[in-house]
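First, one chain by itself: the form predicted on its own, in structure tokens.
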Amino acid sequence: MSSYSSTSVCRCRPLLGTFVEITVRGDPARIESAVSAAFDAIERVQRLMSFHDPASELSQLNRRAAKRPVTVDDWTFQVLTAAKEIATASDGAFDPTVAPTLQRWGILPSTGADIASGDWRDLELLAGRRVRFRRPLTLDLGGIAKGFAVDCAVAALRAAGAESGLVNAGGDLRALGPGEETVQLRDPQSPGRMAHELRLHEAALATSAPTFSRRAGPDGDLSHLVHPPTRAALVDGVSVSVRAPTCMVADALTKVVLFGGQLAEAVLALHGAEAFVLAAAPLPLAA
């Protein structure tokens, strides 16, 4: 039995283009330092992998890797490795190279990088954490790095002795500890209404939906979700949530479920994950 009284705290900071909320329970003498360590981990991921920061390691990679191999941080290399593996397994349903389309739509900023003619197949991961592009391409890790940041925050909480908690980065979340967390999924047709409830125990959940990024464009509605083969925007009322052992995997696999067609089931099984689809009709734009 514990010799101290547990306490819980909840802290929230604007990071990763959203609000990150950390709720944690543990030893009162250690809990604040645990939360600080978790936020430090998230800030490190942001510094390394932000598309919006021209000084980030990702931005430098986009500028240089088509010319010569670039050595990257271990965390960046981990995310790139997972991104390449999931892109390969899903035949590009998860595609970290759709950034030029989002730039044309004004959803991502212009970077001044070379004209991107390559795709995820041109991403080479070499020994010594070196990265090279066989053809110019533009990586955006927004569909996987937020989940990785959540995982890093959870690892920091564990290392600091937190008993239990929840890290929530704008809907990408992961629970730790012996208890269960109840999560409500929004109805994509009416986001003010909760449509489904599920529980998390030592697991992660990520959701992708065009609900809050949908906007009018010159040729029709746009969103941050791009169907890789056609480069069309997903704007229909659909929401995909994936529960998986890690938030990085859950984050990436939401796109596989949206766009992977029949491949999605096998990729989910490969990662011990399951999907929850809320839609008024079958998934649009399936590959």
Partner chain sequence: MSGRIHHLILPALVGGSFHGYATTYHTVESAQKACFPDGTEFTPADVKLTKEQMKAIEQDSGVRVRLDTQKVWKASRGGQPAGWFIVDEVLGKHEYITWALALKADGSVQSIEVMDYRETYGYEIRNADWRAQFLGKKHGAKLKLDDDIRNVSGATLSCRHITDGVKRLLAFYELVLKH
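Treat the numbers as computed from the prediction; the structure is a model and nothing was measured. Positions refer to the first chain, counted from 1.
Another form exists, predicted together with the partner chain; not displayed. Remarks below refer to it.
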The partner chain: the contacting residue among Gly171, Gly142, Gly177, Pro100 in the predicted bound form [heavy atom, 4.5 Å]: Gly171
Contacting member of Asp187, Glu202, Asp91, Asp73, with respect to the partner chain in the predicted bound form [4.5 Å, heavy atom]: Asp187
Segment assignment from 79-87, 188-196, 103-111, 131-139: heavy atom within 4.5 Å of the partner chain in the predicted bound form: 188-196
Contact test in the predicted bound form: Ser117 vs the partner chain, heavy atoms, 4.5 Å: no
Contact of Ala264 with the partner chain in the predicted bound form (heavy atom, 4.5 Å): yes
Contact test in the predicted bound form: Arg25 vs the partner chain, heavy atoms, 4.5 Å: no
Heavy atom of Ser164 within 4.5 Å of the partner chain in the predicted bound form: no
Those residues of 246-272 which, in the predicted bound form, come within 4.5 Å of the partner chain by heavy atom: Val257, Ala264, Glu265, Leu268, Ala269, Gly272
